[in-house]
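Coming up is one lone chain in structure tokens, specifically the form predicted alone.
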């Protein structure tokens, strides 16, 4: 395992992506704490150009764009990270159960995953938002549920492969219980698979969240969200292009970094072979 960790830390692209993500998160968390204004405060300084007082200028209501970007990042990244983690944990557990139990249990679970996969992620998020209460964040459950099937299929395949391997069979022959085999062989060997899929799931969740913000679903104004900020700024694209370019660049940068981080994990961790 140490060699795998060293391989990851020697991956310059993956480390750079991780550092960028950490810096963006720190900016979103810390900047509003030290700013002289809030994301909802309206002033008479409407559509101001970037300056020392307002590094990204102000919007059409005189609100500080930098503060709104930071607060919007809190919402967007929280949705992406939380839904990705929920999908990862839930999908990994279900995948282990499906692959190890087999038979009717496996068949029922996989048919359920097929049914969920047949519904577009964006549509599922909208349904949850409208069904449970608009503007209250329930769309997050839709995004998380939509992200579960890829984990289940990935982990289930790994479980089927690992549980039938020579070292797992040897453990059972020596009297090891099922829980011991799952913990020592199955879980430890499928974690790299789950880690790789988690970054992809977070990137997909971030994309869906920003699309929802763009079409004014999920987060109610004046609470900022990167997709909503891009939508607001596009009306003044020619005169004030940064109002749309900045949130769009933040979205694209985070998505690229998440995919690069996943590629780094994939390159550094061996997802095949014996127990780590």
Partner chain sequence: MLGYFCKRILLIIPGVMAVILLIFILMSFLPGTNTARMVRYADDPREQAGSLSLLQQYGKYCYRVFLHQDFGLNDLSGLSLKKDLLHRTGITVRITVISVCVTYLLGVPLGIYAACRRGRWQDSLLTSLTTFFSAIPSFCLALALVIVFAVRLRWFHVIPQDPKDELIPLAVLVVIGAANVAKVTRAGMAEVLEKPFVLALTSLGLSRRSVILRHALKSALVPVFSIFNTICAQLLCGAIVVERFFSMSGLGMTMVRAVSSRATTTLLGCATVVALIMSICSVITDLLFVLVTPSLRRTLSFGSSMRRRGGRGKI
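Given the structure is predicted, the values throughout are model-derived calculations rather than measurements. Positions refer to the first chain, counted from 1.
If you look for the form predicted in complex with its partner chain, you will not find it shown, but the lines that follow are about it.
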query: Position in contact with its partner chain when the complex is considered in the model of the complex, options 110, 191, 82, 89, heavy atoms within 4.5 Å; finding: 110
query: Close approach of residue 39 to its partner chain in the model of the complex, 4.5 Å, heavy atom; finding: no
query: 4.5 Å heavy atom contact, residue 45 to its partner chain in the model of the complex; finding: no
query: Its partner chain contact in the model of the complex: residue 219, any heavy atom under 4.5 Å; finding: no
query: In the model of the complex, residue 27 touching its partner chain (heavy atom, 4.5 Å); finding: no
query: Options 205-213, 27-35, 45-53, 61-69; stretch whose heavy atom lies within 4.5 Å of its partner chain in the model of the complex; finding: 205-213
